[in-house]
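One chain follows as structure tokens, the form predicted on its own.
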């Protein structure tokens, strides 16, 4: 039982890092980035290509993936989402165009990775990192799991507190509540949007590197599967609540681990969709989300 709990915490930590980036952009600058999964995958793929030519330790591989994720997300904002938002006549039309644009952007890195790898899984075989296995109170743990758990929980709590207490975090929250009033108060939305997307991309790259180290390899389509899980986490926790994202990530991971422990592995993906349906029916604002008020 304790081993299953540890596995759920490790899986939830990866989900948390990935979902935080998606939630950060969606709940503050209003961008539901459907290219987030492709950013996750292509960041790990970039690190994979680098390690084929240069033997790097784990921190360097993670740094490459994080930098690649931040660059991809920044380019997506500058070349796609930014122009869409400037040309949109209203917020609702911008949301729809960004959603469709994100799907189109995601197809590009996916096609590149599938072409290079022939749709086969890829990993960091060229890395010098070797996971060490040890036991604590009967629990079997690797150094990879330890890094994932510490990074996931630390980053999750850090982003939550940063949004709640820092000046930039308060500005982002103001944009999420009322972007027009925030702009009148001197908040530079375009600069914050660029920084938010870069941060979200960096988190996607970090999640990609950590999951690849944990599993040994991921496939080009892995980002699409994780995107659905992140969507379920945000819906479950509540849009606008980073604390809700933290809880949602571990609830989803715990539910999936329980299903696997019951030898019902074919139902794992159904857990995400089931949580989305249940929350939308019973509590549309999520566990910790705020009710939305639209002005007329």
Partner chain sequence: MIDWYFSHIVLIQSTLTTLLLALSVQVPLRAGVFSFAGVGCYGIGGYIAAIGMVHYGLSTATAILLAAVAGGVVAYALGLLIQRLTGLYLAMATVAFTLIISVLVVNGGDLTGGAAGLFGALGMLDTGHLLAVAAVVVAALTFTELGPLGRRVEAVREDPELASAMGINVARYRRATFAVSGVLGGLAGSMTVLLRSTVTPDDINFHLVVLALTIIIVGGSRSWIGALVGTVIFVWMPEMLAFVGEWEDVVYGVLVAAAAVYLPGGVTGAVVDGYRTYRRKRRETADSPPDAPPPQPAAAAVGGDS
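Small disclaimer: the values here were computed from a predicted structure and weren't measured. Positions refer to the first chain, counted from 1.
From this point on, the text means the form predicted together with the partner chain, which you will not see here.
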Answer range among 135-143, 198-206, 101-109, 164-172 for contact with the partner chain, defined in the predicted bound form as heavy atoms within 4.5 Å: 101-109
Residue 258, heavy atom within 4.5 angstroms of the partner chain in the predicted bound form: no
Contact flag, residue 217 vs the partner chain in the predicted bound form, heavy atom cut 4.5 Å: no
Contact of residue 250 with the partner chain in the predicted bound form (heavy atom, 4.5 Å): no
Any non-hydrogen atom of residue 79 within 4.5 angstroms of the partner chain in the predicted bound form: yes
The partner chain: the contacting residue among 151, 194, 84, 71 in the predicted bound form [heavy atom, 4.5 Å]: 84
Partner contacts in the predicted bound form for 191-208 (non-hydrogen atom within 4.5 angstroms of the partner chain): none
